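Here you'll find one protein chain in two forms, each presented separately as structure tokens under the names structure 1 and structure 2.
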Structure 1
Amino acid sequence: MIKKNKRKEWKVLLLFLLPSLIFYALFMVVPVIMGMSYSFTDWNGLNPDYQFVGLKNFVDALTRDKYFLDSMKFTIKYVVVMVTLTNVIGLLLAVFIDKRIKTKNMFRTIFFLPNMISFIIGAYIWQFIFRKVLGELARHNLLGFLDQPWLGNPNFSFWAIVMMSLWTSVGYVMVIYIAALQGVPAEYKEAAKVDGASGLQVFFKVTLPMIMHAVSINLFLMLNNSFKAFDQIYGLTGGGPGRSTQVMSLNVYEEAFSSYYRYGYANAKAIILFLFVLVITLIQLKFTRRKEIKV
């Protein structure tokens, strides 16, 4: 009888899930499988005739394609900086806001608001700021250091992208940290203070270990989002000047749709990017989950 009821529940559950599963399969699973199959061909995206080339696309991308290898190095640099800065700034803001009683909601809204704006719109807002606003501010003697080629020099362009990305990402990370901080039992912190622990010792010995699940989630989210970064860089610098700020996703887009129309080759690069993200994310999850503490 119990088995019959469970089977009936499963059937009803599957019935409700079926429309979503069909859409997911049609628009996610099938394109991924087709993309993987095209990565072993020389298809240009238009010609119905194409040849099977085996692993040639993968070998060329990893050994001969200077632009792709440069984009890989730039992506790693961008991911390291973004994952570190977003989590550090997000955690500091969360600690700062969590201690505010009357102004907590106001600060939370202010810092989360940029997250409501899409990356591409945010990129055009910051393009205006870098090209017009900072130039005007630099006319004042004290702010002369702002007069820099923010979007025309590779070194400044990288930090321009980082500033814009932080503006849109920090608020989301901060909200997760605030929720985790509010879940830390107050009596644990009080007990540590009674034992003579300083504020920093309470944070690093009590609070931080108990919010490691939030650290794990935020590292996972930022790793994924940073590796897949496209909109903000496309909108702000377009990968320039030259190709100096071109990330892997932008290189794949250029290969398939913008310059060369080598669809099969672009799919091979996309799969390399996917495997890259998958391996690093699995390593990160395995490492950070060991540090998590269940309250």
Structure 2
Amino acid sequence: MIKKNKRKEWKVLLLFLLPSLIFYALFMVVPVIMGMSYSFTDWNGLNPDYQFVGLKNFVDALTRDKYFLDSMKFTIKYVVVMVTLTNVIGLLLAVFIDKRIKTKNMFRTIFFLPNMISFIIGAYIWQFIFRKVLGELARHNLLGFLDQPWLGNPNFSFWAIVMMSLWTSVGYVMVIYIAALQGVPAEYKEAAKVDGASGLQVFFKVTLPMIMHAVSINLFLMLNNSFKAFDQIYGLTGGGPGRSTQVMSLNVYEEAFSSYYRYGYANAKAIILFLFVLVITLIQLKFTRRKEIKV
């Protein structure tokens, strides 16, 4: 009797799992396994014979491939700047907006709206700003310092990418902070004020510890999104000038889909990208989870 029940439960479980499992197996599990197995070969993607080369692709990518190593450094720089700036600006905006009941919705809409525009479209709109508009502003004696070779000089194009990315991402981070701030009971803040705490003290000693879960979420989100940034950079600089603003995802894309065709090698780089993201997000999660307060 028990055995029969168990068999029936298996049957029901598999029946309910089957639809999602089919799609998931075909377009997630198979590509993951395929990518991993080819990363150990020298397959060029066409030729029927290829050799198992062990870790050679990985070693080559991490020691010899100058462009890949540069893209790694660039990615780290971009991630650090983006995670910091989106969170600082997003939190500031959220705090400023939160108490202004009348204008709250208007400001939230303004800051969030760019997030609704596809990153690639946003990047093209910003190309227009950088190529045409900022120089024109300077010619009218407005904000002359903005007249720079934004997309032609590696130092400037880094900040051009950051500016455009902030424009699209800050609103998302801010929305999450606003929701968290609403969860902080007003009595706590008032009690601290009655005890003589200044505005800044209230923020750092009461508010911030109570929204630590949102900080953790936003760090995780931005860390993940910035590591995966592709559209913004593809659309704004295409990785240039030269290859100076190439992120890892763009480097993998180019390796796989343009010019030379080293299929196994490209897959090895794709896996390095994954391991990179994995290690850093796990470290981050461990680090911030400890600081959260359960409300």
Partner chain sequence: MMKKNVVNSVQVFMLLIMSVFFLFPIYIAVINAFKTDGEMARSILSLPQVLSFHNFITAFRKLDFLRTTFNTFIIASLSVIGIVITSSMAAYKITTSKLPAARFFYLLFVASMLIPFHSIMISLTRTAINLGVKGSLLGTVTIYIGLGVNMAIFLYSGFVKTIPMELEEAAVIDGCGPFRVYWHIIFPLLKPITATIAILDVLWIWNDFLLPLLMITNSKNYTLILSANKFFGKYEADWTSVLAGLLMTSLPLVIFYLIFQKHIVKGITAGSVKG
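If you superpose the two forms and keep the largest set of C-alpha atoms that fall within 1.5 Å, you have the rigid core. These numbers come from a predicted model, not from an experiment. Numbering for residues begins at 1 and runs along the sequence of structure 1.
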Form selected (criterion: the form predicted on its own): 1
Is_shifted residue 47 between structure 1 and structure 2 (CA, 2 Å cut-off, rigid core): yes
Rigid core fit then residue 280 CA moved by 2 Å or more between structure 1 and structure 2: no
Core-superposed comparison between structure 1 and structure 2, residue 143 Cα displacement 2 Å or beyond: yes
Core-referenced Cα shift (Å), residue 17, between structure 1 and structure 2: 4.9
